[in-house]
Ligand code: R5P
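A lone chain, given as structure tokens: the form predicted alone.
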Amino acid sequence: MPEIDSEGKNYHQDIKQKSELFFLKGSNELGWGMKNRLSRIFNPRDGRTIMLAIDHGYFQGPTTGLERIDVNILPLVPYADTVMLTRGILRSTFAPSVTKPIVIRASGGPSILKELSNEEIAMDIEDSIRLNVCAMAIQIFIGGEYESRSVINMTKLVDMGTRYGIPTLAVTAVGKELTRDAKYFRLATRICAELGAHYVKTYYIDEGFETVTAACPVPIVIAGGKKRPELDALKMAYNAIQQGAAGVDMGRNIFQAESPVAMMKAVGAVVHENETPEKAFDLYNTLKSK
């Protein structure tokens, strides 16, 4: 039998136990496991995240810059807060010793040759558990041909994730026929949040983006979208953060940059250090020249 210690005597009655609210908006009532996963995605120091999105191949194949994940992407991973990718790439290319939090692409179906809104949930919750992911991402096509299917897919994923403490990221997709304005994005992001998404990925717009973040009761991260000049991408990230975004989920504006590692560090300066786009661009050029 182990030796039994005497009962403790110092209970610090003069110090009240802290009961602090969680640092992410709209997340106070979530369970411990879900908050712990969100705390790995979002830096608790500033409530922000830099997600490296490399899941493009799930519907459009070997995208420029993603031809070889092992060569082009793995060197970038240390500079990201989290990585968004598919389970196939995770298993085939990432070493199990990688400790970066993973956001797994959980939806799929059609390719760029078909109607993209015709997606389904493409993996079981058990596989998300086996892969130890921090969140599951699913596409939502508000205004798309299969809008209702995508929304119901999201609610099913939210229900499955809630049972096991895994957050759901709703990704608002925009077709060519839809208007990219504040009214649309207020609608799309609010629907996702109302139906249970724990955070939302959407596009930045020049006019009215602050109303999109204000109207959404859960954190918003912005999509990088198409490749743009590095300074323009840094300006977009800066403006989004200043207008209420909780981070960026960039892909092509990182891995298609002339110097992807330098761009990762420059984006990090904007998101986590509140650096101006111009100074972050100077940092990018300095790092690129080394």
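Note that this is a predicted model, so its numbers are computed, not measured. Quick note: we count residues from 1 along the sequence shown, nothing fancier.
Missing here is the form predicted in complex with the named molecule; even so, the following discussion is about that form.
Take the named molecule as it sits in the model of the complex, overlay the site C-alphas onto this chain, and none of its atoms lands within 2.4 Å of the backbone or a C-beta, so the site here is open. The named molecule in the model of the complex is not approached by Phe94, whose heavy atoms all lie more than 4.5 angstroms from it.
A residue is said to contact a partner when one of its heavy atoms sits within 4.5 Å of a partner heavy atom; Pro260 fails this definition for the named molecule in the model of the complex, lying far away. At a distance threshold of 4.5 angstroms between non-hydrogen atoms, Tyr203 is in contact with the named molecule in the model of the complex. By the criterion of a heavy atom within 4.5 Å, Ile41 is excluded from the residues contacting the named molecule in the model of the complex. The listed set Met264, Met250, Ala240, Ala233 contains one residue whose heavy atoms approach the named molecule in the model of the complex to within 4.5 Å, identified as Met250. This chain is drawn without the named molecule; in the model of the complex, the residue among Gln139, Thr86, Ser128, Thr82 with a heavy atom within 4.5 Å of it is Gln139. With the named molecule omitted here, the record of contacts in the model of the complex names 216-224 of 158-166, 70-78, 216-224, 95-103, defined by a heavy atom within 4.5 Å. Within 4.5 angstroms of the named molecule in the model of the complex, the stretch 45-75 places a non-hydrogen atom from each of Ala53, Asp55, His56, Phe59, taken in sequence order.
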